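Provided below as structure tokens are two forms of one protein chain, presented individually as structure 1 and structure 2.
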Structure 1
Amino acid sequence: MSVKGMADILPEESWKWEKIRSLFLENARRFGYKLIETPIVEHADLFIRGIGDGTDIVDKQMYLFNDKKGKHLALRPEGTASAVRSFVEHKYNSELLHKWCYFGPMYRYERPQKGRMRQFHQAGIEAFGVDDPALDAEQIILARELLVGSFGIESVKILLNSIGCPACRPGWQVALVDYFRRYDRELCDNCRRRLDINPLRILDCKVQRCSEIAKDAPAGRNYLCGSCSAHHNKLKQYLSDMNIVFEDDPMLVRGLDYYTKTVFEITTDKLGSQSALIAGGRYNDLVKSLGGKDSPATGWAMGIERIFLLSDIKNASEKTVYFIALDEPSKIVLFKLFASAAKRRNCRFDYKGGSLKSQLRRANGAGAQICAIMGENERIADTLLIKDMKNKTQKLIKIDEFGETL
């Protein structure tokens, strides 16, 4: 039995997985994002410092362990902190624009649910070096293009907000504490704890009573400084000019502490409570807090399992040719043809042999569209019998015509 929350990707579905990865990388590269791969295992302190002590990920969900030398390590629960660690460690020039993308497994210890396992996969993009709302708009446009244009997920909604910066957010936090103190006994245990650590987390609570109370909480937009307000308004203008429909949601926050200014989610109504498909925003202070030079940054992450459930990607793979030999001498000749053809297209060779009927049955089970058949008569005449499995037709060709026929 596999470990709870750790799922296999079976051969019958892996083609779709590969297609999603390919489409993500193709779209990301068109926008200038280059692939980075970071280790699955990182120092635990990276995520504690980066994501934030007091968040659910750090307090409840991280897979933590000590190695043989006693170093405190973690399986990565998300991709941004690792990307920033790499940006800092390899001393990238913080004054230039760097655009990265990634695709890989993440780990969080939580109740397995539809579209989110304990080992799950994310694709994401990160951009370093520019604090410009046009870059935020670019990333949202790319996210929407992926979901709608490439994955065929039509029913999506873009939620947008600004949670301010260290200069203006404290005023909002004070107002939130004053408001939620009035409901102290009605909040869940987690939110009572969050009240003293980070009251913004209460706005993200999924407990029904906490959500009800949060609806009337002070909105962050009323506390934005001039810079944050201008950034947010300019972002909305860019999106509107591109005819991108969005909802300005003053209660939207993210479950990670590193965000500044822009936060957004792209959601669907097709997955119940697990509605977010892509989420992200700006994290202008994270590079500096993890030891690098001050560098603005922004990015998002996409849950691949949820995309897998919703996308209407079709398997448009090329036709598969199935090679059937009816005797041993023919097998030797046919195998040479198979090995040559497999360099150029999808091919399968029937190693079990047996009757023509049994081999055709296996070819059908393998999804073959064309069968190349050779028995004694065909071998003597230097011919092949080509059978079209879909149209139920067949024809005899010369062996030297095989490549041209395919």
Structure 2
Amino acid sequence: MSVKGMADILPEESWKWEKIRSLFLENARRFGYKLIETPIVEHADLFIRGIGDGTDIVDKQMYLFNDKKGKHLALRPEGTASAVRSFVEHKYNSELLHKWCYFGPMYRYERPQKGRMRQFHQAGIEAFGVDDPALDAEQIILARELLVGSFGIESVKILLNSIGCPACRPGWQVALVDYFRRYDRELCDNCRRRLDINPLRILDCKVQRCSEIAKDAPAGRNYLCGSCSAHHNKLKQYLSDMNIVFEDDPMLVRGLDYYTKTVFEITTDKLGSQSALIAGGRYNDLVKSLGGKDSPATGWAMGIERIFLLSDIKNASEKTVYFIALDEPSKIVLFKLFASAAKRRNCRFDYKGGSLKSQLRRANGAGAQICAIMGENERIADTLLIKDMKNKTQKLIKIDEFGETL
């Protein structure tokens, strides 16, 4: 048995993974995002500092272990912290724009269900060095183009918000705590705890009474500083100008602590409670807090398992030539032809043999378009029988002509 929450990607479906991966990379590349591969294992501290103490990911979902020297390590639960670590470690110039993308497995210890695995895959993009809301807009446009254009997923919803920056968020947080304290007794257990740890998260609570209370909570908008407010308005303007439909949702907050200003989510209603397909936002302070030179940054991540469940992409099948030998001496001759044809064409050799009927049956099952058949009659005359499976036509050709016939 495989480990709980960790699934095989079987040969029958691996083509779809390859396709999703390559569509992601192609699209990202067109926007200038270059692939970065970082290790799956990092120092646990990187995620604790990056994602934040008090988040679910850090508190209960990390795969933690010590190596033989006692180093405290973790399987990565997400991609951004690693990318930032690499950006800092290799001293990329934060005066310049750097656009990176990644694709790979992530690990979170939680109960698996539809669209949620313990080993799951994310594709993501990150851009360092620019604080322009137009860049936020670009990333949302790319995200939407992937979902709708490349993966054929309809009816997605874009949710957008700004959660401010260190200059303005504290004021909002204080106001939120003040407000929610008045309803202390009515909030769910969880939210009462959040009051001390992360009051923003109460806005996101799905318990009915909590969300009723949250509806009238102080709106973050009223507390945004000039810079954050202008950033948010410009981003909305860019999206509107592109006719991108979005929902400006003051209740949207995210599960990771590093976000500043823009946060967004692209959701579907087709996957039950696992609604987020792509989520991300701006994290202008993360590079500095992980030891780098102050550098604005923004990015998102996409859940591949969820894309896989929803995407309707088709497998383009290559034409197949199926080789059938009817006796042992023919097999020897035909196998040589097969081995050389397989260098250039999609070929299958029927090793199981048996009657012509059963081999043709297998050829049909394998989806072959053409069969190359050799029995005693053909062999003696130095010929091959070429059968077109679709038109049900067949003709004898000389072995010498076989190469051109293909």
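Structure 1's sequence is the ruler for residue numbers, which start at 1. Each form is matched to the other, and the largest set of C-alpha atoms that superpose within 1.5 Å is called the rigid core. These figures come from a predicted structure and were not determined experimentally.
Chemist: When you get a sec, tell me if the form predicted alone is 1 or 2.
Modeler: Structure 1 is the matching one, since it is the form predicted alone.
Chemist: After a rigid core superposition, would you say the CA of residue 193 moves by 2 angstroms or more between structure 1 and structure 2, or not?
Modeler: Where the cores coincide, residue 193 still shows a C-alpha shift between structure 1 and structure 2 that is 2 Å or more.
Chemist: State yes or no: after fitting on the rigid core, is the Cα displacement of residue 211 between structure 1 and structure 2 at least 2 Å?
Modeler: Yes, the C-alpha position differs by at least 2 Å between structure 1 and structure 2.
Chemist: Does residue 27 move its CA by 2 angstroms or more between structure 1 and structure 2 when the core is aligned?
Modeler: No; residue 27 is a residue whose C-alpha shifts by less than 2 Å between structure 1 and structure 2 when the cores are overlaid.
Chemist: Could you state, for a rigid core superposition, the Cα shift of residue 398 between structure 1 and structure 2 in Å?
Modeler: Residue shift at the C-alpha: 3.5 Å.
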